[in-house]
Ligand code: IPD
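The data below hold one chain only, encoded as structure tokens and taken in the form predicted alone.
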């Protein structure tokens, strides 16, 4: 199946899921449960949105696998797996901050970011009406217009986005890294939605993004968008991005920022 057809499926279903999430946000949102900690939450809208996505993909692509944040993994027979975050940025969604997203990617191989090959992805912010899309080798787009990373800048001129873990001990360590980095860059942004953070690097709204403890569904689609827009997306050293670490930036800035983050003890 051509990557364009896979993207059309991802985009169509992401838009449908985004419309549902937007309706549920307008109706009012309550926490349904906590996961790894009291700040790692899930809402009924997360579960309902993922069910919509899962059912739609099962109908359109019955032989493919599925790996979603709320309902786990299911193997397929086609060699393709859909990696889904039904509402990325759940805390923003809970508070009514219009910065959350539906993220859907399709990958070839095992549902493991260390080994998969991403083929297509869509990241939809239903509150802003923005849809970021990409296919492997086909470029990255925002609402149908091609996007590119910002031109190279010195570290001192870089606007850097990041995020924090749910575990308090890890957050404390991350805070120390940010305290050391802040005097060396233009500024720091912590917006709370990893998929959109990656897409913001892709369209030049930020110069770089890094984070630890992301799950595969947090970055599967956004990483492809960033790569296709000209960013380097990587883990530490020669490793692929994973739960351990992800960094996305214009290639020259990537080298400078990673070097400084390692020095600071990331």
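Numbering follows the first chain given and starts at 1. Owing to the predicted nature of the structure, the values given are computational and were not obtained by experimental measurement.
There is another form of the same protein, the form predicted together with the ligand; it is not shown, and what comes next is about it.
- Although the partner is absent here, residue 211 sits close enough that one of its heavy atoms falls within 4.5 Å of the ligand in the predicted bound form.
- The closest non-hydrogen atom of residue 194 lies within 4.5 Å of the ligand in the predicted bound form.
- Contact annotation: residue 64 falls outside 4.5 Å of the ligand in the predicted bound form, judged by heavy atom distances.
- Interface residue remark: residue 69 is counted as part of the site for the ligand in the predicted bound form, having a heavy atom within 4.5 Å.
- This chain is drawn without the ligand; in the predicted bound form, the residue among 173, 186, 190, 148 with a heavy atom within 4.5 Å of it is 190.
- In summary, the region of this chain contacting the ligand in the predicted bound form, judged by heavy atoms within 4.5 Å and restricted to 71-79, 178-186, 104-112, 164-172, corresponds to 164-172.
- If you take 68-89 and check each residue for a heavy atom within 4.5 Å of the ligand in the predicted bound form, you get 69, 85, 87, 88, 89, in sequence order.
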